[in-house]
Structure formats: C-alpha cells, structure tokens
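What follows is one chain in structure tokens, specifically the form predicted alone.
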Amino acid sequence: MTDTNSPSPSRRSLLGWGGAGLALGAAAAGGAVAMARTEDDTAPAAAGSAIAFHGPHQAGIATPVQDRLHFAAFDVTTDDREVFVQLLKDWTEAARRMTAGHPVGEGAYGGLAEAPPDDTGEALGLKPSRLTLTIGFGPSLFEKFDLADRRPEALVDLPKFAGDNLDKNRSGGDLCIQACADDPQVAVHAVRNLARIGFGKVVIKWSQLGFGKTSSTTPEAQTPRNLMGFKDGTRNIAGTETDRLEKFVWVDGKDGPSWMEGGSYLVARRIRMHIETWDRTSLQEQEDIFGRDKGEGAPVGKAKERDEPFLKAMKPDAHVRLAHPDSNHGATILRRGYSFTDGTDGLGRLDAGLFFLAFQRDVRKGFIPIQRSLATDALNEYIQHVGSALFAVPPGVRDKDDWWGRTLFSKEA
C-alpha cells in the first residue's frame, strides 16, 4: 500500500470536476467529503478549553479526566484495506478539527443546498469542552486485512472471570472510539460524526454514555465518588507521574511489536451495580466491603484518605485489600471509569453501575491478575460484569501529516 496523505476533495472542487451529480454521489456513498483545512484552521477555538490532539501518546489516557463520556465499539464492514486506511485518515482529520472546537469539513450550513452538510451541527456554538478522542483496535480486527502477524502478544482474549455474565451484544468490537468531554453534547457529537463518516465501512456494535467520572488523573482535585457513594481512584496513577506512566501504562519498544511503542492497552468493562440491594446494606458493612470509610475515604484504621493503607487491618475479602498492588505483585493500572444509568431493567430496578476503563502497559500483568484476585471480593455480591472488551491503543498522532493507526497500517512505518 502506498502511504499517501492527499486531502479529501471539497464539494466545491468536486463541482468543478464534474458538477453537482458527482458531489451528490460522493455524499450518498457516505464518504468524508471536504475534510481538508489549513493548519491555522485547526488551532484551538477557545484558549484553555481545548486539549492538544498531537503528541507521542493519544490524549484521553493520562490527560485530566473530563466529566462526560461517549464510548463506542465498531465492527468493520469493508474488506478493502485501502478504503479502511482512508477512513482512518478521514477520522483523524475530523478528530483533529473537533477537538479544536471546529466543525467537520465545511461545517453544518452554508454549503451545497442539495447535499447533506459535512457536520451534523449539534455542537455549533459550543466550546471544545476539553474533548479528547482516543482510538483502539480490538483482537478481531487482526483477523482482517492480513494483520494476523501484527497482532500484539499482549492483545490476548480475556479469560472468563468469576461472576461474569457477559452480554455478547455489549462486548468486543474491531475498534473503539473513546470520546471524553465536559459537555455531553460535544462527546456525543464527536462519535456521531465519526460514525457518519464511517458509513458503509464500519458500524457501531455497541456504545455507552457515562457521567460523573469515577477516577481522576489529577490527585490535587477532589477524588470523585461512584454510585455506591465511595471515593474511587485515590491511588490512581496521575498524569504528572511520568515514571509510573512509563512503568505501568505506556508500551515500551522492547515490549513488542514496534508499532505499539508509545501506545497502551485498554480494558472496558460494563459493571452493573445492584443499587437497590446496596442501598439496604448497613453503613458498617458497606465500609467493611470497601476497606475505607464512606465520609473521608480513609483506609481502615487511618484518618485521611491518602494515608498509606494497612491492608491486614481490613477484612480478608475487602475490595481495597484485594485490589491493592501489594496484593498483586505490584500490578498497577490507570483507571478512567464513569458512572452510568440506562433506565430500568423492566423489574423496577435501575440499570446502573460503573463503566470501567483501565489503561495499562500489558493486560497480562495488569487487569488480568487483579481481576483474578478479586474473585473473593465481598463487593461481588452487589455487582456483576455484563460487558467486556480489550483494545490495543496505538501511539499518538505526531503532527498534521500523521494519522491514527499509521504505525500499524503504513508499510513505510
């Protein structure tokens, strides 16, 4: 494959080449029409409200956690490698514009009246809201496009864990897009427009909206709480802890394969909480289950949230004790989870819980041993894992000529 970065044609140039019929045909085919813009056009629209898109690592991992999430897993429907690579390039350009607070292509209005606009328009007038877009590739993608020999060893098929009750319609996917922002409409707009650009090439398999971040990568901020009312993420890796990020999150060159260097591995788990049962549980039992007090968040026997926990003071099946790195040979992950409520289950109970997101250097040394350790967790009586997926998150987009997945798909790379 030739690694070309030629910009997609605009509607006006299409009209110049062959008239309105050609432009309408391109729009009807679901292509990403008119994605090219000058470098100045993708500068942040509002100072302080946009997060840089370019860098050695993708944004949305170690960057400060935003308040809202729209996560979508896609299946690839095309078997044409060139078409899929062009989609990745078109997605990159759209992501570059949307994270800067600009509309996709020629925008939501003012273009050719006979064709759908390039942008859906619901984010017009809104700030970038710290939007980050993060892409990942699932194990099943490597069964396509002759990629089998490029699948990382760390991109394993997750084993079945104790208590799993996974819904195949909420699990897996060839690739994912994680959209995080402080405005839910900005996050939804981003996924909607990427799905629209991908029409005929990819299809959304499942998606999840999230609110109320349940972990933080900024330790100076107040630790957020999950739907059980407990602080979550007290000991999470901070975005400023470069040494811990290098050790536990970013893939190193010697980890293999080379195309993943600077990337990470993402585990996504939809965890249903039995809210009604939990709400009838005594405060003492709730605190014993977690191993922390509910008010301050201090570990058992300690006064402050960030005091070093004394694990042996906790019950043997306490969540914090079982999940702590000292109980898992040092295994550490970076969490970016969100709460969710998706109506009721038809029996009068809230369909609510935690959409768990965790990044790590190697899932075999991170999530898998930790989750196995949690097999005897007292919290399991009140939760159930109902959705699961694993993705290889490639390194960041370096500059305006780079694109998502280049290190995997470009033969020159």
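Position 1 is the first residue in the sequence shown; the rest follow in order. Since the model is a prediction, treat every value here as computed from it, not as a measurement.
The same protein also has a form predicted together with another copy of the chain, omitted here; what follows describes it.
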Looking at T218, S327, T281, T77, which is the one with a non-hydrogen atom within 4.5 Å of another copy of the chain in the predicted bound form?
T281
Would you mind picking the one in D232, D317, E106, D183 that has a heavy atom within 4.5 Å of another copy of the chain in the predicted bound form?
D183
Partner absent here, but in the predicted bound form, which of 148 to 156, 97 to 105, 234 to 242, 110 to 118 has residues with a heavy atom within 4.5 Å of another copy of the chain?
110 to 118
Site check S140, A298 and Q360: each within 4.5 Å of another copy of the chain in the predicted bound form by heavy atom:
no
Would G343 count as touching another copy of the chain in the predicted bound form under a 4.5 Å heavy atom rule?
yes
Even though the partner isn't displayed, in the predicted bound form is L88 close enough to another copy of the chain, meaning a heavy atom within 4.5 Å?
no
May I ask you to check whether F248 falls inside a 4.5 Å heavy atom distance of another copy of the chain in the predicted bound form?
no
Residue contact check: R335 to another copy of the chain in the predicted bound form, 4.5 Å heavy atom:
no
Suppose contact means any heavy atom within 4.5 Å; which members of 336 to 359 contact another copy of the chain in the predicted bound form?
S339, T341, G343, T344, L347, G348, L350
